[in-house]
Structures are given as structure tokens and as C-alpha cells.
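Here we start with a single chain on its own, the form predicted on its own, put down as C-alpha cells.
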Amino acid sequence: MLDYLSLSALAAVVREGSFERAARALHVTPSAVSQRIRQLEERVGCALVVRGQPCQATDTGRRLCQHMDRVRLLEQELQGSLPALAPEGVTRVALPIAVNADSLATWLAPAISAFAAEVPVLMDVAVDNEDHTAGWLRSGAVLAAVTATARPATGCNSRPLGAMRYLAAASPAFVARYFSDGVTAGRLAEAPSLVFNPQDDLQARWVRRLCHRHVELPRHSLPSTQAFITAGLAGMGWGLHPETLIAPHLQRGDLLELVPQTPLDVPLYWQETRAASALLDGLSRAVVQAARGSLMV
């Protein structure tokens, strides 16, 4: 039988990032939190937390945190059907998901905001590239994810959401400086590009399709959708932007497509842990409905 006081302490340390903040959240002393986690580690037989700034869960620790997330969701559901079991006041349960930044900045944030306004949850959103969010599911760090991977992770369901359309664009001054004689492999090798992080390959994929070969691109790294647009407008570099976000800038001429009629469409999928709870099912319905109204079929 698992010790759920110890599991709660582990989840709090991972969520809050330190033993001190976890202790305040649980209304106990830091030494009590440390003792509970030590006892759990002794029982499991391995380390569950990497002490640092912030503290992070090991692989086994993440799986135990995921189990605790599921237990809390089930408890919340049970309290809804058996109000006598519910504590006084409003209790909210954390719902951890992983998403790509562009979805969060466009169609997803309104959907999860409306959902969180109606049900007693606290959204815990991790941001990563759409090609890597499925890894958060496999590690047990989240219960659901927007991902570019159609094949479901073990123990998960996968639903198609639609495709997000990206356009390669830059400021008029940038285009005049680097592409006055056309967008070629040679010019792309000289013109600075914008990437979300080192794993972001959207720009490289677009270039391979355009030039039919790999081109080594100089890159600025900007881990923010809004920063991409701001940097593009300022002439810092060219990049792949969500069409819905830059449409007004294209209409005004603040940004120009590098090569018109060459969009990059990225299919997205919603993966969720099976048999978690009605709350997660409700979130999934809200996400799928929002995607159908915003993404390309």
C-alpha cells in the first residue's frame, strides 16, 4: 500500500521546486517533507528527487507524481458525486499538460481558460516543441499533451486536432537586405533565422522542401511566440510564424512572405492518459472542439 502523505510531499516538492515552498503549501515543516520523501525513497529503493534549484523529479519520481495526479482527479470526481466527502471550501486539483508554444499563443489558451473557469482545476502547463511534448507523457510528467506525434504513447489515446499553418516571413528591410535577388540556398545560409530552441526544426524543414537539400542556417534562439513576431518585425531574422498571428502584419506590409504560396502545415494531435477521470475527459472535449474551430482540417 502506498503512503499518500509521502506521495503528496513528493508531488509538492516537484510542483513548488523546493522543500521549503512545498512545506508551506502542505502546512508542515521542511524536515517533515524531507522525512516523508526519504521514507518513500527507501521503500521504492531509488532516488525520487534531484535536489537543486529547482528540485526536479527523477524518472521514477515523475511516474509517482503522475499516479498522484490521477488519484487527485479521481478524488475530485468522487467528491462531486458524494458531497459529504468533500472538504469545506473550494478545492482545486492540478491538471498537468504539455503543449507547443504556438498552440498556446493562438487557439489553446482560450479553450483551457474557459474550461478552468467552469471546473475546479488548476492548469499546470508545460511548453515544449510539438515534436517533444509526447516525451512528457511517456515520462509521466503530464496527463495530456498537444503533440505532432500521431502514435499514442503507452497507456494513452491519440486524437487528430488538425494542422497549424506556418508562413516563412521577415520584415521588408530584412528581405531587401538578404533576398533582393531571390530566396536561394546560398542566401538562406547567410540570412539569420529565428528558432524557438535548438530542437526547433520548422525552419530547416521549410528550407529542405524549398531547396531540396539541407542548408546550414545561422540561428537566433528565442523561446517565445511573441518574441518571434517582435524580432521579425524588428528585422532580427526570418522565421516560420503561425499564419493566424501574423496575418494582420502581412496585410499591413510589416512582414513579407519570403516565398508566397509555400506554407508549412504541421498536423497536431491530442494525447491523453487513458481512464484518468471525467475532468480530463472534459478538458479533452474542450481542446478538440477548440482545435476544430481554429486549425486546418
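Everything quoted here is computed from the prediction, not taken from an experiment. The first residue of the sequence shown is number 1, and the count goes up from there.
Keep in mind the form predicted together with a further copy of the same chain is missing from the figure; the text below concerns it.
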Contacting member of R187, H220, R159, R205, with respect to a further copy of the same chain in the predicted bound form [4.5 Å, heavy atom]: H220
Of the residues G155, P172, P110, G135, which one places a heavy atom within 4.5 Å of a further copy of the same chain in the predicted bound form? P110
When you measure heavy atoms, are A105, V125 and Q199 every one within 4.5 angstroms of a further copy of the same chain in the predicted bound form? yes
Tell me which stretch of 142-150, 179-187, 161-169, 125-133 has a heavy atom within 4.5 angstroms of a further copy of the same chain in the predicted bound form. 125-133
Residue-level contact is defined here as any heavy atom of the residue lying within 4.5 Å of a further copy of the same chain in the predicted bound form; does T225 satisfy this criterion? yes
Considering only heavy atoms, tell me if L210 and a further copy of the same chain come within 4.5 Å of each other in the predicted bound form. no
With a cut-off of 4.5 Å between heavy atoms, is L73 one of the residues that contacts a further copy of the same chain in the predicted bound form? no
Exercise: S34 in contact with a further copy of the same chain in the predicted bound form, heavy atom 4.5 Å: no
Those residues of 16-46 with a non-hydrogen atom no more than 4.5 Å from a further copy of the same chain in the predicted bound form are E16, R21, R24, A25
